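Coming up are structure 1 and structure 2: the same protein chain in two forms, each one given alone as structure tokens.
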Structure 1
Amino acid sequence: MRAASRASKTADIWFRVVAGLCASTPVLFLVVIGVVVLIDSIPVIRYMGWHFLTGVNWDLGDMYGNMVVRNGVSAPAGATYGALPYIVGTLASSVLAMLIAIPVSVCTAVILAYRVHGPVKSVFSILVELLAGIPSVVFGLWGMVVLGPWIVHDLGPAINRVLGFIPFLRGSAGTGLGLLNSALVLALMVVPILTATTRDLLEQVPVLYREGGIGLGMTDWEVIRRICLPYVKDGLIGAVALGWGRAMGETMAVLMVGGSGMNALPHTIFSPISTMASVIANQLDSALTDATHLAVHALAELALVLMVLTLITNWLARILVQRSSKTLREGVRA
């Protein structure tokens, strides 16, 4: 054994400092993005106030006319930025997507965890995880050329026939682009996240618990229903929150299959929608032709709202996942 030389100690310190600087980059990125987006949205917060969140009209105003000044902010005449349709579009498409994705992924995870074994299991698992790697434009492309026509010709009429008595589910399928298409594509995008997490959680349920259930005379399904699923509940909720955050922030797929709905809340499941993310992508070039730059600031506030929403769900998810992994570990020990 030899003592560390002076040189290696300096090297150690240098290494620490450099590594520390590198480790601080995510913090830096997050803070800078947050601050820039916040500062950029101040003029619109002053101009619109709470109406930004409750207004239905998104109108850049008469850019070829005169500018007006309101609340100390100059804007094209008639400009109003009501983000409610986009907030609702984001929430509706992502919630609907989760409603579809949760049962599907939990069921798939049950099969993957308990019903298939050996090579079949690993092939299935690989396939599901591959789904997670597919770029979102490819999802969008598939939604446009496959799901769209299918909704128009088969799914739309079928929903109308079977569930048409519910107002929200009744109506013409239009072009097939809209809320339903977005929700289906988003659901498929979050299924791999949910399935993989749920499968891992289910595999960690102690065998003792399951055997106990069987010993009580439960059927296999009842063991899953009454013992395994309640056991992994926290982790599952965490995974759901994680997937939900992803669904809310998705841009390209929704831009391609959402139908770019504007200025109205969705009336039916087939209505064209825009989400906050797709509006930012779609409207930035329009906004940049506004001489007062207020439209760009409006998009910044949209980005702010979106960022806050996704950060909250994301962090909530992490906390829940962490809590559940702790209880799981304790469970294994017990």
Structure 2
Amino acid sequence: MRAASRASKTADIWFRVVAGLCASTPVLFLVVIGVVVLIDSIPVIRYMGWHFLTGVNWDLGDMYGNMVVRNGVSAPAGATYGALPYIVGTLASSVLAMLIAIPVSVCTAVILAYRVHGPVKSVFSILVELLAGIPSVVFGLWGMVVLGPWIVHDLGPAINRVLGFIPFLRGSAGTGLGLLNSALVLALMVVPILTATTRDLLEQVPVLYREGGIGLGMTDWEVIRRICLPYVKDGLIGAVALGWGRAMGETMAVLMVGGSGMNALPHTIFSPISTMASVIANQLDSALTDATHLAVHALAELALVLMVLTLITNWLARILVQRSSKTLREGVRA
């Protein structure tokens, strides 16, 4: 008995150690990645200062000519790194994508949760989840081949005709590759995540709540708007934050359909853009030829900015969830 008890205590200790290590792994990875990216960013922080965040021009300089020294940092002559167009491109494309994806996802989730049943529901749910597994390069190719011409010939002229009085929505669609194409592709990539999460949340709403609303004479829309969505609001905010982080971090698809806009802020919804993630992928090969390695350090700072924006997004989502939960508890007490 004592031997069995000792073995049980030893196993319990090992379980706690292994569980603690596994639980701390994501935090450790986040800290290590953040520290490495921050250290790699220090030379460019010294070289560019705050101008890195406010500058518009990104130029690797003459990497085969003379070097210059600024603030103790060696750099190719003419090198300057302004990340503002890529910060704006990242935020604009991801926010526009979420504005498109959220209504589509919520409506699809409502139908899957309450309107279809049996085999039909299973088939449609599987199709939605399979959509999330399609590689991003396939979405990018689809955006180039299908969405690009559609924007040029149909959607772009329609937007100009109906909403052309808004300056940001007026202009030539060009090649069809730009902010609008990126937003549509990102929305399509985010929809499966939001839909699957929202569907699972809506299925957790107690049946008695919905039947009570119908018994009070509410329409289906009123039951969804006044009972179901408020009930899952906290989870929905978390799902939106997850989808937004996914949209901000997407690389290959935006690189293919964004139009590779450089050194210019988007002035219309059709303007070519580049996001921080796509610039890192696009510029890395050229940056590696910089003998001073400053271009690589600049990409590291771009990654640091993207990481900080993603963390801020999740932090704001947590604040909204906490406030929503507090309001709900106070309403229940009242």
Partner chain sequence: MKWNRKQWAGLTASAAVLVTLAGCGSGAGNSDTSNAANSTDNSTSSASSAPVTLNETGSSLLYPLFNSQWIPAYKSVHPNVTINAASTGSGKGISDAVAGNVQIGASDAYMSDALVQQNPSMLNIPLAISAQQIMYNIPGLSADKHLNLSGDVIAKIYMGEIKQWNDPAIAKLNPGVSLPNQPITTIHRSDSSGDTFLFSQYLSDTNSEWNTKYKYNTTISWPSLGNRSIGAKGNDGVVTQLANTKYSIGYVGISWLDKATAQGLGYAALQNKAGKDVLPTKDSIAAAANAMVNQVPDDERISLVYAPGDNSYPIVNFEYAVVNSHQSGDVAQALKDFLQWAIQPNGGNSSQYMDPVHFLPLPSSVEPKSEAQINKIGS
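Between two forms, the rigid core is the largest collection of C-alphas that superpose within 1.5 Å. Each residue is numbered by where it sits in the sequence of structure 1, with counting from 1. In this text, all values refer to a predicted model and were calculated from it rather than measured experimentally.
Looking at both structures, it is structure 1 that matches the form predicted in complex with the partner chain. For residue 21, the displacement of the CA atom between structures 1 and 2, after superposition on the rigid core, amounts to 6.8 Å.
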